[in-house]
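First, one chain by itself in structure tokens, the form predicted on its own.
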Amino acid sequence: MSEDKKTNWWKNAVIYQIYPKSFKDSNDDGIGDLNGIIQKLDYLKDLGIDAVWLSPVFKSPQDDNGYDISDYQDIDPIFGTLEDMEHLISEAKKRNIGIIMDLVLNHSSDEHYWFKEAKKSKDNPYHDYYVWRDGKEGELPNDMKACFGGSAWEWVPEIKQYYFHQFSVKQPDLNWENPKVREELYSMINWWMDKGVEGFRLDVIDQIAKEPDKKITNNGPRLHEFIRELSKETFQRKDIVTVGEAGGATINTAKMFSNPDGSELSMVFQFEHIVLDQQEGKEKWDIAPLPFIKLKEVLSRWQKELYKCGWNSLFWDNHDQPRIVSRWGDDKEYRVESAKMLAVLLHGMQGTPYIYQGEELGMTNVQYHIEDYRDIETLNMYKERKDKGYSEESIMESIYKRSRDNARTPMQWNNSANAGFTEGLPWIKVNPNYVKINAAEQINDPDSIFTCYKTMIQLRKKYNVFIDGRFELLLPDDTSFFAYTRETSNEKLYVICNFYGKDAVCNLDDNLEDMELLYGNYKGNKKTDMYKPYEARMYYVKK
């Protein structure tokens, strides 16, 4: 393949994330599946996306929604079969859509064959596939905590050792120091690549080089060595996209992860902008007002500092985040306008945009009774805060705003029963507003949120400035507008967004009178400096 092709297709791409359990159910058991995704490929082709990232569909006990893998080379029966997966890859390819799989390389399920063998004896060939420490029952190797609560060490009486787990007790960490582990993982990845998979999202990849004795989990000393070897042995064989989930990434480490020489990954997910509206030093449930000026500064810094020496992932939503229109827009009076504004703001930036299922429809957060929630993190928090004496009202307010189930309610296809997701009993309740907010209402409506997203994708493919333009933040201290330019030697793009629900005057010195309005989310409001609530405009000029 040419070097140009190798480094460029994902820079022009827009990627769509599917949470398979909630996308489309084909057999009416209430759980979304691979055949359901196949049924909706034409919808995705119409939207215009280039690739689909599937949250994990590997065989799994589902202790952590599939992020606990018991067989990396098989599909969990709740989603279908390996043949269904091969069919999905083939049908997607016919529509020029690549399939991106969600790989968990930091840990496996405790039900994986490797771990079942590993805990039989210290002499077992698989024992060293995991991280073990000698000790006595009740005397932990150290005081490290797991992300899901409790100790990061679990006692195995059969061999009188502790194993290390950064997440659930059913998710033992793999030992990347063991070259045999790495070889097994590389072999598995190449197997999937040979099946036609066109990319991978790498779950918590910055935690593979852990050194638990030194209490190091993120960004261990051998991290980039491991990732370069991983890339060389697998990803660099073919023309694929790779995105690493790296919550602890800084600008400097992101430059290493996404080095244009292709030695590591295509890009990473970093979360600096996503944690801005929580109280500093507190949990995600402790919500603070969004510091708008800080949001502009953070996004601008990532845009400017990765320019020509790295690559950004652009996202508002995913399976772990609340719905963006409810979070930073207005999901009531100005739902349509604010959802479009947020789309314009993000898609004008440099990087690869990710659309999370339903974001293109302006799907919103939900407000259920506690018994209707399914997310283990949410239910644990409810119990913990109840025990600590928090009021029911304050706990539920946090859940309404932050629960991962906000993103996991079934996709809203039409206004029939269960939003057209299933004819069975859905595994989680459908958002009641599906009667008004659904795909059938929007796909043929020129003023819909769906059409806005479709237009953003088309513009990114038409104008090179979206890919290569240098970013410059305008009005950095303005409390209403998020405005910026993207500029190449012969093109310039202006993106001007009123971020709030009040009329506001935009005091830009630049003369926009003679520029082409590529997109505006209000009709007939092209040239004035007065912007309506959540109004967004994109201007273009060829120099």
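Residue numbers here begin at 1 and follow the sequence given. Fair warning: this is a prediction, and the values are worked out from it, not measured in the lab.
What comes next is about the form predicted in complex with a small molecule, which is not displayed.
Next on the checklist: Can you tell me if residue 127 lies within 4.5 angstroms of the small molecule in the model of the complex, counting non-hydrogen atoms only?
Outcome noted: Close contact is absent here: in the model of the complex, residue 127 is far from the small molecule, nothing within 4.5 Å, heavy atoms only.
Checklist entry - Looking at the partner-bound form in the model of the complex, is residue 170 within 4.5 Å of the small molecule by any heavy atom? => result Residue 170: no contact with the small molecule in the model of the complex.
Checklist entry - With the cut-off set at 4.5 Å between non-hydrogen atoms, does residue 481 touch the small molecule in the model of the complex? => result Answer no; every heavy atom of residue 481 is more than 4.5 Å from the small molecule in the model of the complex.
Next on the checklist: Using a 4.5 angstroms cut-off on non-hydrogen atoms, would residue 337 count as touching the small molecule in the model of the complex?
Outcome noted: No, residue 337 is distant from the partner.
Checklist entry - Non-hydrogen atoms within 4.5 angstroms of the small molecule in the model of the complex: do 296, 354 and 495 all have one? => result So, no: the whole triplet misses the small molecule.
Item to check | Contact residue in the model of the complex, from 256, 197, 204, 97 (heavy atom within 4.5 Å of the small molecule) | outcome: None of the others qualify; the residue that does is 204.
Checklist entry - Tell me, which of 404, 347, 273, 284 has a heavy atom within 4.5 angstroms of the small molecule in the model of the complex? => result The residue from 404, 347, 273, 284 that makes the contact is 404.
Item to check | Stretch in contact in the model of the complex with the small molecule, which is absent here, among 221 to 229, 313 to 321, 452 to 460, 410 to 418 (heavy atoms within 4.5 Å) | outcome: In the other structure, the partner sits against 313 to 321.
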